[in-house]
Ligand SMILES: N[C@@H](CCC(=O)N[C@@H](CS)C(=O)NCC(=O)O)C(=O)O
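One chain comes next, on its own, written as structure tokens: the form predicted alone.
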């Protein structure tokens, strides 16, 4: 299994997931500052020229949430996903997909100062809806699936962590800040992220 990685990218999240699962893998550093994501060889792996990418034999997975879900599904004995077909899966999938489809686009729109658009016509709505969603979805204690830490925490919690680190989430509630502190205390998180992020 090959993990195409740069520590200053969303690959920090997938590296964290690989460590949570204890999966042996080859870590391949991709230097985007040197244009390595623009090479023909890398574009054959990920036409978007983005990091991360995971190659498992003939299977290529891109997008951080998809990689995390793939790892959780490939190694069910690690307990990083609810059992397939159970009622818990609906909640789990929501936490996997909301960050990439809703929260990150909204934070990007905010950073770019985009305001003149119909909020009901775009998937990410507006900042008020996103902040309300974050508050509603953040667990009061433990993890998003209760006592079981899962890939959903890596994706959702990792997104909130980035949002706080980079100032996207300017005034997190104590509930959100407390959840992110729990995330940052995990040994696999601490191994996979710059110490200044702890």
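Residue numbers count along the first chain shown, from 1. In this text, all values refer to a predicted model and were calculated from it rather than measured experimentally.
Keep in mind that the form predicted together with the named molecule is missing from the display, and what follows is about it.
Visitor: With heavy atoms only and a cut-off of 4.5 Å, decide whether residue 10 touches the named molecule in the predicted complex.
Guide: Yes, contact at 4.5 Å.
Visitor: Is residue 70 close enough to the named molecule in the predicted complex to count, meaning some heavy atom within 4.5 Å?
Guide: Contact with the named molecule, no.
Visitor: Contact with the named molecule in the predicted complex for residue 161, defined as at least one heavy atom pair within 4.5 Å: yes or no?
Guide: Contact check for residue 161: no, nothing within 4.5 Å of the named molecule in the predicted complex.
Visitor: Although the named molecule is absent from this view, report whether residue 139 comes within 4.5 Å of it in the predicted complex, heavy atoms only.
Guide: Because no heavy atom of residue 139 falls inside 4.5 Å of the named molecule in the predicted complex, the answer is no.
Visitor: If contact means any heavy atom within 4.5 Å, which of 43 to 51, 130 to 138, 169 to 177, 143 to 151 contacts the named molecule in the predicted complex?
Guide: That would be 43 to 51.
Visitor: Within 4.5 Å of the named molecule in the predicted complex: all of 32, 37 and 64, by heavy atom?
Guide: Each of the three qualifies.
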